[in-house]
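As structure tokens, one chain now follows by itself in the form predicted alone.
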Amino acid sequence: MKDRVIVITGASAGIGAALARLVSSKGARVVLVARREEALRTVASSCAGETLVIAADVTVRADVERARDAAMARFGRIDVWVNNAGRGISRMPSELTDADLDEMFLVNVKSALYGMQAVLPHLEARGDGQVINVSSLLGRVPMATFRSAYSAAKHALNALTASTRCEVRSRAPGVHVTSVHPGIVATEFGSNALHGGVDSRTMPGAQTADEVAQVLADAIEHPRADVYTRPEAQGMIVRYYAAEDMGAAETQPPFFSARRPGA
């Protein structure tokens, strides 16, 4: 980890901020990217190592490219790019509008695509490095139907990540493309969801951002394709897809009621 240059989007709070603090404590040089400059500077002040703050909107391709260029100008290279920015939604599939889907895919899919396309030519030219896309368990299984469009976007992100990994492997086998799948995390994610939502910090079983950051840091130190932040999660997903009747499986724990919490 020492001296690696790690770009983290969505770094002003939550998982991104926790990851920045952790990897900087291990000697990494961290590039913090998000829209809120003041919040980024607060995170930077809590980091142990060298940091670069870049206020940028990762849903705008030009902003992502500007962030890449600023990181390269400051540090001369990028070793790891973490696409962590994202946003949830609280709306059942029957209620979704075009605007809902557009927002979910812009924030959760296109922003990651912009990041990958911005940094991969540099990583491939070096023959080394890593892109990490922070996905979700909801990108694998329909555990919360009120997050329907978010779940759809994360499914799309997973497919895009896997396809990118297959493409890059043929040209630069030393470049890793990784998906990381948290479950519920005790951050402001829920309360910041489009159309509002339950505060994720009050939900039972939520992991802390620091716990998720530990898993992300391990995925940087030991690169692999697909990573879950809870050890039991992968087995649950395998059982779901192996079920003879997936509809019947969806009626059993840990799948949630079709009702939105509080409805």
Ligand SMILES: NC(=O)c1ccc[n+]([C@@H]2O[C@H](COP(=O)([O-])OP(=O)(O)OC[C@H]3O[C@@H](n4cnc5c(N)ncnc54)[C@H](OP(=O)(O)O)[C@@H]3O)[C@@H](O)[C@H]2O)c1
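Residue numbers run from 1 along the displayed sequence. This is a predicted model, so every value here is computed, not measured.
We do not show the form predicted together with the ligand, though everything after this point is about it.
Look at 91-99, 70-78, 162-170, 128-136: in the predicted complex, residues with non-hydrogen atoms within 4.5 angstroms of the ligand sit in 128-136.
Among 145, 178, 158, 187, the residue placing a heavy atom within 4.5 Å of the ligand in the predicted complex is 187.
For the candidate set 47, 53, 219, 56, a heavy atom within 4.5 Å of the ligand in the predicted complex is found for exactly one residue, namely 56.
The shortest heavy atom separation between residue 13 and the ligand in the predicted complex is within 4.5 Å.
None of the heavy atoms of residue 117 is located within 4.5 Å of the ligand in the predicted complex. A residue is said to contact a partner when one of its heavy atoms sits within 4.5 Å of a partner heavy atom; residue 32 fails this definition for the ligand in the predicted complex, lying far away.
The shortest heavy atom separation between residue 151 and the ligand in the predicted complex exceeds 4.5 Å. In the predicted complex, the residues of 104-123 lying within 4.5 Å of the ligand by at least one heavy atom are, in order, 107, 108.
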